[in-house]
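Next up is one chain by itself, shown in structure tokens, the form predicted on its own.
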Amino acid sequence: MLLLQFLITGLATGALYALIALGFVLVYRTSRVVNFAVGEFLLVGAYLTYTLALLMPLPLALLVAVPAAFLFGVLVERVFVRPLLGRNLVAVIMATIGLVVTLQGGVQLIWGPDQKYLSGTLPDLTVQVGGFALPSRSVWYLMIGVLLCAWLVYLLRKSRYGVLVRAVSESETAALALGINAPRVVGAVWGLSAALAALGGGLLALAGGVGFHLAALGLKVFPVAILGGMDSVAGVLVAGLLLGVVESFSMLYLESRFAGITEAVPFLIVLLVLLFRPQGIFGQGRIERL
């Protein structure tokens, strides 16, 4: 029973990792920018949810925080990223790293350094599985993460907006030639990335409160994206669930013997993947003429 409990808990946490990583991968595909500030997007979203939860019920606060974070992501892309597109890659990377420091400083200036806790709770969805009670929080994680990821994958493949995103991902120049407003599509993708991170941050804050530890959790996005493949949206969901389970079992079997191994295991897996399959498990290898 303990094994089943840790399996489901890992799947639930991995579903949130996949949700946040999905926005990260879409940003990379459309603008070729590695957004190192994704953890800070998660942090800002969690603090925004905390503030809104002081004024309204928590479920409504989560819903309101998502469009607010979307607008924030669009603003970040317009002010910090778009002016640098087409310049040296190092300049763009340094801009996102500078964004990390800026957002951390802004969060500390507005909300302070103290740990905060969300007021209110989500409706109870505790489920009995195999003789043990699966916490309501894990059920929410799994339900929102998997369903939302699957829905977004479907939209990206079947909807008109998904066609536009794929067109810009393949070639922004060709998309512009076809009359597609590529800058608007890229801005919307950055907004979507921030919205997904905000939702993930708000849900993760249910377990450990709102604090700067959430920005560190944002680092889990990188192993998920690399393992799934930076060009595979569906692969991100599978990779997120896989890493969530690996992390959970590491906590169960290894943490007592090797302190801190749980945090290291996802990155060790990514290191092995990069050595033997650099495009990720689900990514497609590309041959480029230099």
Partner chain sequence: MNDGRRKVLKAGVAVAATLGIPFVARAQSKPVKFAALLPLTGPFAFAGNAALEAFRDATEYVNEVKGGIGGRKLELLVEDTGYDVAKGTAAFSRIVSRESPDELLFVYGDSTGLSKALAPEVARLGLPYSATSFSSELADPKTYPTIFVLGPTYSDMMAGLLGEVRRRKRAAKIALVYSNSEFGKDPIPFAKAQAEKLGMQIVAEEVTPLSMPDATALALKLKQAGPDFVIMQGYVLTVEPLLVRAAKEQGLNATFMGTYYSAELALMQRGGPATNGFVVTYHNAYWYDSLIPAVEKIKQFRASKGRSISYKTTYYMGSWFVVDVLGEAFSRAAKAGKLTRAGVVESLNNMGDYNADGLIRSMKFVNHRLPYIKLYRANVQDGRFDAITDWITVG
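Predicted, not measured: the structure shown is a model, and the values here were computed from it. Positions refer to the first chain, counted from 1.
Same protein, other form: the form predicted together with the partner chain, not shown, and the subject of what follows.
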Q) Does at least one non-hydrogen atom of K158 fall within 4.5 angstroms of the partner chain in the predicted bound form? A) no
Q.
If we define contact as a non-hydrogen atom of the residue within 4.5 angstroms of the partner, is S169 a contact of the partner chain in the predicted bound form?
A. no
Q: Mark G179 yes when one of its heavy atoms lies within 4.5 Å of a heavy atom of the partner chain in the predicted bound form, and no otherwise.
A: no
Q.
Contact with the partner chain in the predicted bound form for A259, defined as at least one heavy atom pair within 4.5 Å: yes or no?
A. yes
Q. Of these, 259-267, 234-242, 54-62, 34-42, which stretch puts a heavy atom within 4.5 angstroms of the partner chain in the predicted bound form?
A. 259-267
Q | Listed residue (G208, G98, G106, P83) with a non-hydrogen atom within 4.5 angstroms of the partner chain in the predicted bound form | A | G208
Q. Would the partner chain be touched by all three of Y17, P113 and M251 in the predicted bound form, meaning a heavy atom each within 4.5 Å?
A. yes
Q. What are the residues of 135-169, in order along the chain, with a heavy atom within 4.5 Å of the partner chain in the predicted bound form?
A. P135, R137, S138, Y141
